[in-house]
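The chain below stands alone and is given in structure tokens; this is the form predicted alone.
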């Protein structure tokens, strides 16, 4: 034992650092399984849980709709116009659909939707739950027999997932339509809108129809869950200046990991 005494402080420091960095991913994985298990149980969906789900859906989807449409319009002008113009110049207009599906619909849309959802609604969730935790309201709920996991985490996580899917569909449609309209106004393309959309949809495979919605759902799911856990893990000394950067970094990592995972495996 005396021979190990000099290195024990160093080992303890390594252990504390490892536990601090691994604890949140493990908590995220365990909570993900817990949400899925509770979501299929009818008894979990009490009136208060349903009410929280509706409020979060309204805030996340309705609150982020304007931002989604503006961002999608800019992305459509930047990508659809450029693809139509340069592929037309190169004589490869038939590749327009496959390129837009691969770059815009499959990769860019889930990534931007996840980032907008994180910044617009995720940070609000971190602030709300962090304030409840540091203010002692969560302990009061537990004392009254109210499960914060069912009341706060379950409905918000699922609402974020469905909101991500909804906003993703709106984003892709807006980007394609607005980009085509601008390209037509400039004179880059002579086809009709329906011909252009048919070309894009024809380029989508059966796998795309499964992978893209799954990617949007998982990104929204992880963003909502990571923000909820960040807020509920707040300590008494935490304030907004420490919670919000922590929640934002964790949300960014969740979005990037999910996006990379689907890109490599799908």
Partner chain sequence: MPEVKPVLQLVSALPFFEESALPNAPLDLQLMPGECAVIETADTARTTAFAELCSGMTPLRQGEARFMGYDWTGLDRERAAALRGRIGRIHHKGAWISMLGTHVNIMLAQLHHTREPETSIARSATELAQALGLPGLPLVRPDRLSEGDLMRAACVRAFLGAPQLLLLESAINPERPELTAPLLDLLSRALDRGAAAVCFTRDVPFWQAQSFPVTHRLHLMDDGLKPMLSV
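Residue numbers count along the first chain shown, from 1. Keep in mind the model is a prediction, meaning the values are calculated, not measured.
The same protein also has a form predicted together with the partner chain, omitted here; what follows describes it.
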For this session: Look at the stretches 57 to 65, 205 to 213, 219 to 227, 36 to 44 and give the one with heavy atoms within 4.5 Å of the partner chain in the predicted complex.
Result: 36 to 44
For this session: Select from the listed residues 84, 72, 100, 152 the one whose heavy atoms reach within 4.5 Å of the partner chain in the predicted complex.
Result: 152
For this session: Taking 4.5 Å between heavy atoms as the contact cutoff, choose which of 77, 132, 177, 162 touches the partner chain in the predicted complex.
Result: 132
For this session: Although the partner chain is absent from this view, report whether residue 191 comes within 4.5 Å of it in the predicted complex, heavy atoms only.
Result: no
For this session: Indicate whether residue 146 is a 4.5 Å heavy atom neighbour of the partner chain in the predicted complex.
Result: yes
Exercise. Can you check whether residue 137 is within 4.5 Å of the partner chain in the predicted complex, heavy atom basis?
Worked result: yes
Problem set entry | Distance check, residue 141 to the partner chain in the predicted complex, heavy atom within 4.5 Å | yes
